[in-house]
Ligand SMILES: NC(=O)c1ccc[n+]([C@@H]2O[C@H](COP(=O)([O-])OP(=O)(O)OC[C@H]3O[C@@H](n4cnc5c(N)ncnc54)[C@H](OP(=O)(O)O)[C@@H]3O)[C@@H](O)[C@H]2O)c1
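Heads up, the chain below is alone and in the form predicted alone; it's given as structure tokens.
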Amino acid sequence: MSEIVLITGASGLLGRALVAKYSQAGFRVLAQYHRHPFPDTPSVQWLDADFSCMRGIQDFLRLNRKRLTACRYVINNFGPIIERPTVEVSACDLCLDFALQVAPALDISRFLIPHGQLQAVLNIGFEFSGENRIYQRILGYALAKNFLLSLTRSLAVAFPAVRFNYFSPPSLEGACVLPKAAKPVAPHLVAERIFQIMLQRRSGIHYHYVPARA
């Protein structure tokens, strides 16, 4: 039987590339989406879920319990960017960003760990994870992604039987939000790098993107 991978945020640029990579590699893919469905195939099953609220995450876990408990791998790619001028950011905005970036990754991992099938988790960060920078339009997003970095490290220590990885992808070709100095990379190359990381038998923090063709 093919191994099962859950990919959240699967309908986005990187998500679609990940779905294609894993399905072509012989995995059974559970692909979470919201608002942008795609047709199921023999190797890909699309699962609708709204992760913008805690109730949506819990409903997803409850409704798909049987499918999810067979997962060996999880890629937490969900994490929309909400641009706001820093001078307008409120505490509620920061709480929302934390909920969007952190809650699905934490709740899904904690749900799957007790079932004993989960082998590896990879949390998607952002291009400048781990850096002390000034953010004028994505402050909440940046803070939440850096918190996800700390969470990944902590979970790796707390649950040594599961490999926890954190990956900071480069800017993607076709992305709607790009830094001024960005050097965009094709999504399928980033998906290939993530695939190789997940094949490793260890936890790790992966800041620097290395193209698969290098």
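Counting begins at 1, following the sequence as shown. Source: prediction; values computed, not measured.
Keep in mind that the form predicted in complex with the ligand is not shown, yet the notes after this line are about it.
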query: Stretch from 112 to 120, 90 to 98, 77 to 85, 130 to 138 whose residues place a heavy atom within 4.5 Å of the ligand in the model of the complex; finding: 77 to 85
query: Phe126: touches the ligand in the model of the complex, heavy atom cutoff 4.5 angstroms; finding: yes
query: Arg62: touches the ligand in the model of the complex, heavy atom cutoff 4.5 angstroms; finding: no
query: Interface membership of Arg163, the ligand in the model of the complex, 4.5 Å heavy atom rule; finding: no
query: Any non-hydrogen atom of Phe51 within 4.5 angstroms of the ligand in the model of the complex; finding: yes
query: Residues of stretch 2 to 30 in contact with the ligand in the model of the complex (4.5 Å, non-hydrogen atom); finding: Gly9, Ala10, Ser11, Gly12, Leu13, Leu14, Gly15
